[in-house]
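A single chain, nothing else alongside it, follows as structure tokens in the form predicted alone.
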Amino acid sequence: MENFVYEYPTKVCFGKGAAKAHLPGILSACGPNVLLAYGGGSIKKNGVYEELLEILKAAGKTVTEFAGIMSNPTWVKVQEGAQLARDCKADLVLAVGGGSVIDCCKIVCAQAVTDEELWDLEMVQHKAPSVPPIPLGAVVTASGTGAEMNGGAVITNEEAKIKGGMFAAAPRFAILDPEYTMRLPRMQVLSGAFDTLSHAMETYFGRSDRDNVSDEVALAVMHSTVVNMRTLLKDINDYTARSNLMWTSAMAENGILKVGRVTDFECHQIEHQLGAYTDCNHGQGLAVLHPAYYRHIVKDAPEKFTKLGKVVFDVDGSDGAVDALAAFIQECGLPTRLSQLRSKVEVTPELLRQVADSTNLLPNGPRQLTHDEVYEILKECL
């Protein structure tokens, strides 16, 4: 194990009826002004909006709404939310949705309290915000990203053509009620779960072949994710599977798997830039990229691939593990080619060259890629 300091800031309220049971008590310790943030309006169709609004009003809160947060939230949207938070003097930002809504609000909470532009501060100057952010709470309605369990956020700067990670406000609390996910489209549920699998796999493949506790936990999270995704293939509304996947999502990104580890998130880096140019669905983009990426690095970590294959898919050999992953993606009906991602722009070799050249290359995987190799991986996915 590497040296580490571990601290966990988020209070988690998990299970059926968690919002009604726990949110009133949490709100009693907050100021009067709440910025209620959500996405395209699905929470108004499934009853979550009315339930939360009733709780907020019963707690005597003045509610300002920040709606329309899109998948792959943009820097422009962050600025809109920050201005709303300033205008209403928000004491709490309550993010209701999946990873996109929560990520956007993390940066809103930090940007609203400073005149410094955080994109320049973090992405150019590589400095952290110096002012404490507005408190943030998360009500998860679409699991998979684990965004509710940490302070990291992925934001797209459309002008700069960069989709990158920023760090600001970790949620003070998270409401995880699996019933809130029940009306999600089937493909959204499965692609979110694949994002969880990706998080755990990439952490596991960090540059270290030494046995450690974190890797054993990661393998258990991966195995559970695969088992429960297969359960949903038979019954998409299976509550037990939904609840297990909601918690594996949290476990994959609450820092537990990273404790004492060097971690590899190269496939995420490639997908982020692919998303910056095409606005593709994150989990589906990862499903397309992972087998190709792993075929490029399988010989650099054969023992770890072999162990993953045995524990997660019950197959032998390092190449067998990659083949089993690819077969599982097909089994779930997830995309396997870039042409299946329904991109808003045409995916051409020229565009993929731009994606490859702008991808952040990390030194923490089994082997550091080059921009040319990223380009080869992307072309193999056409």
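Quick note: we count residues from 1 along the sequence shown, nothing fancier. None of the values given here were measured: they were computed from a predicted structure.
Keep in mind that the form predicted together with 5,6-dihydroxy-NADP is missing from the display, and what follows is about it.
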Exercise. Identify, from the list His290, Lys77, His268, Arg261, the residue with a heavy atom within 4.5 Å of 5,6-dihydroxy-NADP in the predicted bound form.
Key: His268
Quiz prompt | Interface residue in the predicted bound form among Gln111, Thr248, Ser100, Thr203, criterion: non-hydrogen atom within 4.5 angstroms of 5,6-dihydroxy-NADP | solution = Ser100
Quiz item: Do Pro335 and 5,6-dihydroxy-NADP share at least one heavy atom pair within 4.5 Å in the predicted bound form?
Solution: no
Self-check item: Any non-hydrogen atom of Ser42 within 4.5 angstroms of 5,6-dihydroxy-NADP in the predicted bound form
Solution: yes
Exercise. With heavy atoms only and a cut-off of 4.5 Å, decide whether Cys105 touches 5,6-dihydroxy-NADP in the predicted bound form.
Key: no
Quiz item: At the 4.5 Å heavy atom threshold, is Asn72 in contact with 5,6-dihydroxy-NADP in the predicted bound form?
Solution: yes
Self-check item: Residue stretch of 86-94, 221-229, 151-159, 296-304 approaching 5,6-dihydroxy-NADP in the predicted bound form, non-hydrogen atom distance within 4.5 Å
Solution: 151-159
Quiz item: What residues in 114-145 sit within 4.5 Å of 5,6-dihydroxy-NADP in the predicted bound form, counting heavy atoms only?
Solution: Thr141, Ala142, Thr145
